Every structure is written in structure tokens, then in C-alpha cells.
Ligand code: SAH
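Take a look at this single chain in C-alpha cells; it is the form predicted on its own.
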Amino acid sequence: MLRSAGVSAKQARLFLRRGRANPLWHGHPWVYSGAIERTEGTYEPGDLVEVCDIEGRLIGRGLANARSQIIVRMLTRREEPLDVDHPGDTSEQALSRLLARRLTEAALLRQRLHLPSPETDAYRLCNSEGDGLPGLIVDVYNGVAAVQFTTLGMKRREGAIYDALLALPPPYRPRAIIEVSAGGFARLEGFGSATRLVHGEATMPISCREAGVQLEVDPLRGQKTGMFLDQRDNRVAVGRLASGGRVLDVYSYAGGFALQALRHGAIAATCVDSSSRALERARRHAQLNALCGLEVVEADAFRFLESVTPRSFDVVIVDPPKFARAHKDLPAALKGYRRLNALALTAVAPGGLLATCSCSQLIGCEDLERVVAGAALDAARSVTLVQVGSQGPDHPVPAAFPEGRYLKFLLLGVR
């Protein structure tokens, strides 16, 4: 049982090894298991614990799970109380109020970002560590909240989180809530997870809008929470530069980049993906928006690019899935990214653009830039860096948390 905030005698305390506290003092939200020097007291997976440096100074409190390599995910800093207005609450009551307060703050940030808007009602309401709620993702599609728990600590408080979402003011109060299975995260953290309707009614697919494009999203069957919202601003940026051009969207999923390109005046767009279901969604989205010139090709990305006519597209986008899931995957991943980008550069017409992406957390922006430089050498092309991007502003990240900036986006001019 968690105790009230401010009473620490029975709350487990984790002391960090010498030299391992600096990232935490600067705001990094993760404590790795190898950083722990000793533990005072006991705790159950998902409990709230105190984190201290080797001198015993309180760094903050977080939710712990010894099953994970990330043993603590920080919720508060220093002596920040869980609840400033109800000091008599139990710790669980205080923690519930903290969760509600953080969700309200997340909604206020989206209001400042003008989300939702008449043009966009598909957006991220809560981005885990970026909104002070590690292990909680909330994506919204036209008033339907798709919730994903990636840590046991947050899953244990699902009732409080659902109550907090339903207590938000309009337009952030959801008309329906869907829990989306966390898959591998749930297995790692040790809890059951299934996709299900939690509250209200929602007809699938959900009709929503992204930057003026009408979409149909199915959180009960789609990838992630139903859509890759993090690329919205990058899709718009590429679309605006595609006017009058021929576009190739590789790893297209439901056609996000191609649709924005056609909306902004591209004369033709080809979507390439290995999923027939994703391509059918791309076709459907083109029909919904009365966009002409879309072609879909079900194929492996590398094999398609190997067979494409050289220098035949004005804008090429490659947005592959994660190539590196662990450090042992890095060498092969870097080779894969280099080969992919060399093939993509071969397909770009002189004076055209290549938009290349990586969502591999272990590969930084500078790593991707070096990969592209090597790919340009392999393809005998000259490239210039036009724009560098990441995930959209509704996917905020703590300043001291580079791991949270997982999405890398490079826009390159090609000669």
C-alpha cells in the first residue's frame, strides 16, 4: 500500500551509485537498474518509491518495477508533493490527483498548440515522459481517446486515469475511450494488456482529420494507437514542396505523405508498402478526399527500389519501421539504412528531394546524417541538407531526455 505524500518512513528508498545521479538532477526521467547502489525497505512492482543520491538527498519519486531494466520512471522532483491541496489523502488518492493534474496540464499545452482545430482533430493528448506521465500514451481521434499503458505503474492506476480523462473540459473530454494493447511492453513489465472499448460508444473506423486531409482510423485494429501521428508536420512540409511533382512514398502505411503531396498539387503519387490492408486504406483515403493520381504497389521496399527506373521521381520519402531495437542490432541497422537511402537517392530526379526518416531510438540525428552521406557516395549523388525535423509539438520531450527524441527526419536536396 502506498502512503501519503510527505511521509517517507515506510516508503522504499533507492540510493544511486556515486556519479549516477547527475542525469536525474538535470531532469532525466529514467533510473536504470545498474545505477542502484542499495535499497532501503521493500516495494511491489508498480509502487511509488523515493530516489536519492549516494549522500541521501532526495531526487524525487517515481514508479518502480524491478522486472524492467528501467527500474524507476520519475514522477516528481525533490520535495514536490503529490497533492498540494489535500494533504490528508492516502498516497493512492494523492497520486490519482497528481495524474489528473498532469492530464489537465497536457490538455492546456494542446490548447496552446491549437489542437484540436477545424483542420486537425487527430493528435496526441499525452506523450508519456514529455507530459510528466511516464508509461501513458493518449492519442485522440475526433473525440475518441486511444489509451496505451507501457508500464505497470500506470496500468495499475488505469481507473484513475480514465476518470481524469472524463473529467477534462471540452473539447478534451473524450466521448469514448479505447485501451490499445501494449504488446511487448506489457510482457516486459508483467501485466495483461488487451485492446478493448473502455467507455462510451465508437463506430469503427473513426472519421478524423489531419491537416485538412480526411482519414479513417481504427484503433482496434491499426498499428500503434491506429495511426502514426508523430509525422503530421513533416507530412505537411513535404506536401507543400511536392506541387507539380511525381512522388514516391515508400513504407507508406495508409498514405500520409502521398495524400498531403496530392492535396498540395503533386501530379502523381505512388505508395509502396508490404501490407495490402494499409494500401487499401491509402486508396480509401484518396477517395474520401477526391484526390486523383494515387497508385499503390504491394511490395518489399528494397526490392521495389532496386527495380524502379532511376531518377524518375521528383520527391521520394522513405519512412521505414524501426531497424534497431537493441544495441546488438546497430551495425546491421546502419547498413540497412545506408542501403535503403542509396536506393532511394537513385530514384530521385536531379533537382528533386529525398525525405528520409528513422524511428530507431538508438540512432541519433547525426548518425542518420552520416548514413545519408555514405548513401550519397554509394549512389554517386550530391545531397544538401534542407531541413531537419522530429516528432510534432504534441509529442513533447523533457530537455534532458534525448532518448525521447526518437523520430529523425531529414529533407535533402539531390543533384
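Not measured: the values here are computed from a predicted model. The first residue of the shown sequence is 1; numbering continues from there.
The same protein also exists as the form predicted together with this ligand; that form is not shown, yet it is the one meant from here on.
Asks: Residues in which of 172-180, 110-118, 141-149, 315-323 have heavy atoms within 4.5 Å of this ligand in the predicted bound form?
Replies: Selected stretch: 315-323.
Asks: With the cut-off set at 4.5 Å between non-hydrogen atoms, does residue 153 touch this ligand in the predicted bound form?
Replies: No - in the predicted bound form, heavy atoms of residue 153 and this ligand never come within 4.5 Å of each other.
Asks: Using 4.5 Å between non-hydrogen atoms, is residue 253 touching this ligand in the predicted bound form?
Replies: Residue-level check for residue 253: yes, a contact with this ligand.
Asks: Is residue 94 part of the interface with this ligand in the predicted bound form - any heavy atom within 4.5 Å?
Replies: Flag for residue 94 set to no.
Asks: Heavy atom to heavy atom, is residue 273 within 4.5 Å of this ligand in the predicted bound form?
Replies: Yes, residue 273 lies within 4.5 Å of this ligand in the predicted bound form.
Asks: Among the candidate residues 299, 288, 168, 268, which is the single one with a non-hydrogen atom no more than 4.5 Å from this ligand in the predicted bound form?
Replies: By the 4.5 Å criterion, the partner-contacting residue is 299.
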